[in-house]
Structures are given as structure tokens and as C-alpha cells.
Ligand code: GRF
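The chain that follows stands alone, in the form predicted on its own, written as C-alpha cells.
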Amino acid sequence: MTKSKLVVLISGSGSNLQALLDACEAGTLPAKILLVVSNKASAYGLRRAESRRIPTAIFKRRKNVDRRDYDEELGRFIAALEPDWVILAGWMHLLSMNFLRYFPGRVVNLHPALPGQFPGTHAIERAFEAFRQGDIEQTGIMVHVVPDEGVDDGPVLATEIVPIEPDDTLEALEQRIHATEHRLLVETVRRLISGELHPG
């Protein structure tokens, strides 16, 4: 099988990137990561990529640059590599159509909540608080396509429920969610590459 070409966008520690890197190296994910891009120079995920000799790029938005101009520049930069998929693995910047139009149906995001629940930032903390208030009994994660500027509401590719235990701490819940994320993201990208899943 020809390896699928990925570009991964990150903003932080890059633990989900690490799961993709490990799966590519092990051969369980038939893909090649062409580039890892971060909008933060301090993102530890850049070190993870460099340790595997994956090219990296820091793409910070300058204060005087409009959001859509930034997205346009980023989109052109990545499109020149001709990736098959763009994976948002902890990318903390809402992308506009100026970026998304370059990759219709080929931008995939991971979000630590179930569809329709806790869109945006701090989803795990918000879910934990909702559980403590008695509003929910469980949370989860989803992998979805990013077709437009909606926040964490694109067509869903995969979900998995993560139970919240009565004696959970936020840290324990975070650990379980992250472990589930790593597995589900790799599996979903593998199914996209193989044609088992069809976005949109």
C-alpha cells in the first residue's frame, strides 16, 4: 500500500502526535508525516517530531496580521506539500475557510468530548465540572472532519465514551481521555487511509 501523506498541526505537548509517530514507525499506520507545524515555538511536540527527524515549522500569527490572512498563508504553505490529510492534534487556533478551502474534506480534528458537548477549549475540565454538578454521567472523545468554521461540529468519523468514576480526580480523567485519544486517532486515520471511512 502506498503511504498516505500527512501534515500534523499542534500547539502543545504533542502526545497525540507521538501516537501517530509511533504508529507510522511500527507500520500499523501506513502513512508518512511530511511536516509538523506549530503556532507556538514552545510546543514540546516540535521536539517529538525532531527526535524522529520529521521536518517542523513554527507558524506564529503576528499581532498585525489578520486571522484570515494568517490562515491563507498557512494554507498555501501546507498545500505546496500536497498532503493527503491534515491532522489537527491539539491545534489551538480556529481555522477559517481561507485555510480549509485548500483541503476540502481532508482536515481531521480530535476533540476530547462527545458530539455536541463542550465545544471549544477546556472540554475535559468542563465535562468534569458538569459531572460533579450531576448534569452528565460520562464524557468521551470524537474525531471529526472540519468542513467549515464551526467549532468542533463537523461530520463525525469516530467516537468513544469515557466513563467518569465517582472518585475520579480531574487528573485521572484526563489520563484516561488522553489514552483513549491516542488509540482512537490512530485507528480513525488508518481507516480513512484504507478507505473504510469516507468523510462527509
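Just so we're clear, the structure is a prediction, and the values are computed from it rather than from any experiment. Residue indices: 1-based, along the sequence shown.
The next section is about a form of this same protein that is not shown, the form predicted together with the ligand.
Enquirer: Out of the stretches listed (95-103, 69-77, 126-134, 108-116), which one is close to the ligand in the model of the complex, meaning heavy atoms within 4.5 Å?
Expert: Looking at the partner contacts, the answer comes out as 108-116.
Enquirer: So in the model of the complex, is the ligand close enough to residue 83 to count as touching (4.5 Å, heavy atoms)?
Expert: No, residue 83 is distant from the partner.
Enquirer: Contact between residue 178 and the ligand in the model of the complex at 4.5 Å, heavy atoms?
Expert: Close contact exists here: in the model of the complex, residue 178 approaches the ligand to within 4.5 Å, heavy atoms only.
Enquirer: Quick one: does residue 16 come within 4.5 Å of the ligand in the model of the complex, counting heavy atoms only?
Expert: Residue 16: contacts the ligand in the model of the complex.
Enquirer: For the heavy atom contacts within 4.5 Å of the ligand in the model of the complex, list the residues of 78-101 involved, in sequence order.
Expert: Residues within 4.5 Å: 89, 90.
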